[in-house]
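Have a look below at one chain only, the form predicted alone, in structure tokens format.
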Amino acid sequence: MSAQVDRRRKAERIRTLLETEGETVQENVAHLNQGRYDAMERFDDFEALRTAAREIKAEAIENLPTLIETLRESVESNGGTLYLADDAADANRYISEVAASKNAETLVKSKSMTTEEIEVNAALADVGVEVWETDLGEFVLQVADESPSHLIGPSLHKSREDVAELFNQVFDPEEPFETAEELTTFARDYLGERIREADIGMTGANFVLADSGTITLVTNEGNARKSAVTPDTHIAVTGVEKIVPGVEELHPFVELISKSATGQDISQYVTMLTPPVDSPTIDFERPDEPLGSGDGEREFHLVLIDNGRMAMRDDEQLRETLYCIRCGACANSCGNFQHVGGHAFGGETYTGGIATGWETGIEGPDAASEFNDLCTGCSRCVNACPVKIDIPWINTVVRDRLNRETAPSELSFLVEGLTPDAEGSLSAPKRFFGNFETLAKLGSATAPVSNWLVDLAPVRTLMDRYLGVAPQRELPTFQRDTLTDWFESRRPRLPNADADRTVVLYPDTYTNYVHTERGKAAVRTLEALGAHVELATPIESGRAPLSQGMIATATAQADAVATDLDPYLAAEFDLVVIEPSDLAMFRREYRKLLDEDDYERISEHSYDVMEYVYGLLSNGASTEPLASPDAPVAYHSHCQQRTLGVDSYTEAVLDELGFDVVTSDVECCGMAGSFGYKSEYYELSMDVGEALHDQFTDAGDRTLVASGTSCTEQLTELFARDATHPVELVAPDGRT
């Protein structure tokens, strides 16, 4: 299959899911997110417990072999059996043998992603055991014969109307189901009968306590408890990473999981069982006899699943995946997931941003290749994750591994020499998007011919076919005179000796070659507020190659930036950055790319340009030289600003200067760097951006303002008029 055909197939699949599931996914995820935001607002200990939970997980994974043996002793001491399964086949063989030993004909099961992972339902069906899902969402999917679309809400993509239509078609009730109450009442009664008839109950386990053998089940329906204690035989299936030392270490997770997952302060049911339980056995065929009249004896099997997890533990880059407590917050916080759901943004079992780590660890990197690019690296999921997993980095690492498995493209000659990446084995689109700096230099040096040339229809057709550039997307307009050219043609207006502060302005690739006016505005603004400004060498920060999983190239560029900035930082210059995604590189991603000293020096001295303006004004600089408002403003902050916590400074400066500002609360514009330029993702990008369009539709003729290049370009595309950077609004001589 050619690359273009593959991109069109992917675009078609995404288009179909946007049309069939997108609206319901958006509605349900928005509900979950609002609950999470409210829960965080009223929970003062959130950050402290996140830190504690991460530390507990890190230590537990480090000591996992010891914890497994402690747990084995506890379970056996309680009268149960622990089986450590190497892989899915091993686990299913053991479970099937247990079922055979009990002459089991039916088994009821509560929701468990680990049992989805090992496909236990199919394995039991092969040996003649009928399996019933008792979680409502899983039951819906079992009836519909579909796969889960979310870690905690498996049928998140289905509306009440969808479920009613399904149940009416399959169960043919005398009166058609319509309401949620009718549907849940039917499911409760139907599944209650299955539970009473079952020979075996199967559950997962959210957490397992090594020192007691206690399993903890966090649910909202109570079906897990019923499945565990109603049949005489209970099988719990869970991954080895779910073990924590004891009940003291359990506390942060019980506090965090429901707040992060559904926004509940605590789930309806937090069940702690130390099986085999002492609950009386029940014989439903003798309903008039008292509890305990059953003839059976309690039996418990804990099946711990490895299935690649111990190898993940030894993999420095994938290890953090094992910290995951399966709350789904990473998926809910992701702009792309909010619109297309887990049937696109997920693998065979797992969904959302963390799915890349799980699918890679269990099945290998190829299992993540179809959806891995849907992570745009915005890092909102890191702030949402209750154990602070660096999910974007896991996605980047897997992308890098997939790149290295890719045979060099036969079309690489098209970009050879223009794309001096360090990886050497990449598809032509990866090399193209990952080397935007080279493209920008060439485009600027040959402007305006370059701008005319790439707008020609035949050229756009070739760019779509061979480089995967969406033909609908307007391309950047390169400037012949770069910011560096302009800066070198003038002398700093404020000599260093007379300045209150000394600043080195980082000329990111877009500011230097495309949006030069915002760079000029930044220089004029900083100088007007008393700063001596010098311009760093225009070197790509590494953001573009990192977004393509080109870690070696990004590292080389980060090293070059660090070397260039070193004399400025040694002389105690402040580093001011215009593009938020580059600020995020300096403050966050460089931790992975540079040595600790270089990272600390750059991170500690870097500022968003409007953050820095706010600081100068707060320290006594006069607003007098800055521009006065000449029009009301509609402002959208960049997602990286929000994750870094610097978005409020722009609003504060505009407010202080008297601007009439309407601010969007839309989390993502949908553009996300090169993502919105790609042929296969253009429609998803525009669909995500539609929320921003809707929010500013009533903003009338307000000046459109955005802090990031991606947001600026998306606003321009959505409204068919220009958008500008906030520093251009406040620059002394206005927007020129």
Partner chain sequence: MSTSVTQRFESSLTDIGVSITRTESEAFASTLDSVVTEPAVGVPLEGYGGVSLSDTVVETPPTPRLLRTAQTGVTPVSKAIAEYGTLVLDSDAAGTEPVSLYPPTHVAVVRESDVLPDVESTTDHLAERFAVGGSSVFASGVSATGDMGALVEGVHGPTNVDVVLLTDQ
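Numbering follows the first chain given and starts at 1. Predicted model only: the values in this text are computed from it and were never measured.
FYI, the form predicted together with its partner chain isn't displayed, but the following is about it.
Examine residue 290 and determine whether its closest non-hydrogen atom to its partner chain in the predicted bound form is within 4.5 angstroms. Taking the distances in the predicted bound form, the answer for residue 290 is yes, it comes within 4.5 Å of its partner chain.
Do residue 660 and its partner chain share at least one heavy atom pair within 4.5 Å in the predicted bound form? No, residue 660 is distant from the partner.
Given that its partner chain is not shown alongside this chain, does residue 223 nevertheless sit within 4.5 Å of it in the predicted bound form, heavy atom to heavy atom? Yes.
Can residue 284 be called a contact residue for its partner chain in the predicted bound form at 4.5 Å between heavy atoms? Residue-level check for residue 284: yes, a contact with its partner chain.
Residue among 539, 273, 526, 205 with a heavy atom within 4.5 Å of its partner chain in the predicted bound form: Contact residue from the list: 273.
Listed residue that, although its partner chain is not shown, lies within 4.5 Å of it in the predicted bound form (heavy atoms), from 475, 123, 402, 136: Only one option qualifies, and that one is 136.
Indicate whether the candidate residues 484, 602 and 616 are all in contact with its partner chain in the predicted bound form, with contact defined as any heavy atom within 4.5 Å. Negative, none of the three is within 4.5 Å.
Partner-facing stretch of 94 to 102, 318 to 326, 136 to 144, 623 to 631, counted where any non-hydrogen atom is within 4.5 angstroms of its partner chain in the predicted bound form: Every other range fails; the passing one is 136 to 144.
Can you tell me which residues in 333 to 367 come within 4.5 angstroms of its partner chain in the predicted bound form, by heavy atoms? The stretch 333 to 367, when checked against its partner chain in the predicted bound form, contributes no residue at the 4.5 Å heavy-atom cut-off.
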